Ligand SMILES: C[S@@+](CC[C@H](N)C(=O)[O-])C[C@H]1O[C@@H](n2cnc3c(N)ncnc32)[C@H](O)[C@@H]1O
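Below sits a lone chain in structure tokens, taken as the form predicted alone.
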């Protein structure tokens, strides 16, 4: 099975294009070495999934380049090890949380990196085969990307207070009926705990008008999933830490799928004194890609470049003001 059967990589050429445009010209690339392998460049794929981005990076670079491939999901690691076996000598596979990016890079033997990419969406495999992620399949309420962590969706829905649930639905789902859904869940679980995805669907269906049901169910599941996996705080941390790890001239590219993620990416890029934003507006998938992969329709790609010149120019501007 090819990687795109596990997960179709979104905006693949655009993402790797930003990432490698300057790297392949050897501009602002510093030599990093793992003593036993002698790699001169290393990229980080924060969300390995089916290996699409990692494969493309390795196809477009030489044997002096390695990829640190990270995923919290053990199935993604196991699958990608198989389909990317021809590149095994150039990949460092790690089942870790990408929020640990600093220690991950240092543990792999590098001080700096030459590019980083992340696809923040769920994989096709997770939606179709893992428990709790899809409201269209009746499975156990799990939603854990890392099955070794304790907190799962069932815990959130059965133990959080009405106020806590309302806040989750409002903040992470931007849901119009947050208070009503939270109240209905708390009332319902007094007689029977929520065990499956369809238990949650049944409760939500009683409060949401039929014409909004599919879109609002997606928001409810998104909100619970974000809470279970601490997704937004992890995203903020990996973005901020990645900026410090990048060599000058190296780039970061992030593909997001909902407004909360996109806002975080955009704001961190723009507020950083060390980044030059390369995408004034996000890059969107074309009609052909959306037709081929309907799940790509909400994707937004933003890229930025690490540059010491930005800091210098801002300092010069401050000097002029002081004078």
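Numbering follows the first chain given and starts at 1. Model, not experiment: these values are computed from the prediction.
There is another form of the same protein, the form predicted together with this ligand; it is not shown, and what comes next is about it.
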Heavy atom within 4.5 Å of this ligand in the predicted bound form, from candidates 81, 176, 96, 129, belongs to 96
Heavy atom within 4.5 Å of this ligand in the predicted bound form - the one residue of 48, 254, 57, 44 that qualifies:
48
Under a 4.5 Å heavy atom criterion, is residue 72 part of the interface with this ligand in the predicted bound form?
yes
Can you work out whether residue 114 and this ligand are in contact in the predicted bound form, taking contact to mean some heavy atom pair no more than 4.5 Å apart?
no
Residue 247 near this ligand in the predicted bound form, any heavy atom under 4.5 Å?
no
Would residue 234 sit within 4.5 Å of this ligand in the predicted bound form, counting heavy atoms only?
yes
Heavy atom contact within 4.5 Å of this ligand in the predicted bound form, the stretch among 179-187, 116-124, 205-213, 155-163
116-124
